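Heads up, the chain below is alone and in the form predicted on its own; it's given as C-alpha cells.
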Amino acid sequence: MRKAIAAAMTRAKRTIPHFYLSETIDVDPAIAFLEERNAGLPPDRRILLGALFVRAATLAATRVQAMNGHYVEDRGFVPSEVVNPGVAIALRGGGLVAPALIDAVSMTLEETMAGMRDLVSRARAGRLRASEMTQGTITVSSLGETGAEAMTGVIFPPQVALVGIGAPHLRPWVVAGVVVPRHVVTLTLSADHRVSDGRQVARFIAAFEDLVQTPESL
C-alpha cells in the first residue's frame, strides 16, 4: 500500500504543476445547523461535518468547472458532466484510499452522509468497486473534527484539484466589528496549473465558503 501510494504521488508531483490557495472559513453556522438537525437522533442517523464539506465541495464544483474533471495527455483538460467527489479514507491497517461518490450532485445531504458511511465500511472491508476507484473527478480530504489545523494535499491524477480541510479550531474572529470566539477551518485547494489559475480557485473557495455558511441550502 505504501509503495503504491508513494509511486502515485511521486508521479503526480513530477507531472502535475501544483499550486495552492488557502482560506480560513468560519464554520460556526454549519456546526450550529448540524447540532440542531442531529438533536435526539441515534448516531447512525446523524450527519457529520465531513459530509457537509463533501456536499459543499460537490456544489462548488458545479459552479467552477475547471476544478472538476480529468487531464488527459493527448486531449488536455476534459471537464466532467457529473461530480464524483473522491472521499479520502484512512484504512485501519495503514494506507489511504479515495473512492468516489458517483453523481453526488443528485444526492441530498443525508444521502451524501449515507454514501460516505457505505464507502468507509466497504473500503475497510476491501469491497470497493473498481469504478469507485477510477471515476473520481475531484477529491475531498478532511482531517475530521479533531486534529491538525491545515493540510496541503497532492492531486490524484488524472484529476485536477484536491480540497484539503483541516480540523475545526476555536479562534478569535471578528463578526460585525466585534471579536468573538468562533470555530474555523483552514481550506487549502491544490490545483493543476495546466488547467486553472488563482482566479478559478478563488471562485471555488468563495463558493465553498458561501455554501458552508448557509448550510440550509445544502
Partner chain sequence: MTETDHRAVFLEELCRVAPDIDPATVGDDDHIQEDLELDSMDVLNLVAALHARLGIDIPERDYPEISTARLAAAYLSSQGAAR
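Throughout, rigid core stands for the largest set of C-alpha atoms superposing within 1.5 Å between the two forms. From a predicted model like this one, the values you see are computed outputs, not experimental measurements. Positions refer to the first chain, counted from 1.
The same protein also has a form predicted together with the partner chain, omitted here; what follows describes it.
A.B. asks: N38, R117 and R124 - do all three of these have some heavy atom no more than 4.5 Å from the partner chain in the model of the complex?
C.D. replies: Result yes, every residue of the spot touches the partner chain.
A.B. asks: Closest heavy atom of A66 to the partner chain in the model of the complex, within 4.5 Å or not?
C.D. replies: So A66 does not count as contacting the partner chain.
A.B. asks: Give a yes or no for R92: in the model of the complex, does one of its heavy atoms lie within 4.5 Å of a heavy atom belonging to the partner chain?
C.D. replies: Output for R92 is yes: heavy atoms within 4.5 Å of the partner chain.
A.B. asks: I155 near the partner chain in the model of the complex, any heavy atom under 4.5 Å?
C.D. replies: It does not: once the partner chain is placed as it appears in the model of the complex, I155 has no heavy atom within 4.5 Å of it.
A.B. asks: Is P43 close enough to the partner chain in the model of the complex to count, meaning some heavy atom within 4.5 Å?
C.D. replies: Contact with the partner chain, yes.
A.B. asks: Sort through 169-177, 44-52, 155-163, 187-195 and report the only stretch with a non-hydrogen atom within 4.5 Å of the partner chain in the model of the complex.
C.D. replies: Correct option: 44-52.
A.B. asks: The partner chain isn't shown here, but in the model of the complex which of M113, I102, M107, A98 has a heavy atom within 4.5 Å of it?
C.D. replies: Partner contact (heavy atom, 4.5 Å) among the options: M113.
A.B. asks: Considering only 62-80, what residues come within 4.5 Å of the partner chain in the model of the complex, judged by heavy atoms?
C.D. replies: Contacting residues: none.
A.B. asks: On a core-based superposition, does E35 travel 2 Å or more at its Cα between this form and the one not shown?
C.D. replies: Comparing the forms between this form and the one not shown, which are aligned on their rigid core, E35 does not shift its C-alpha by 2 Å or more.
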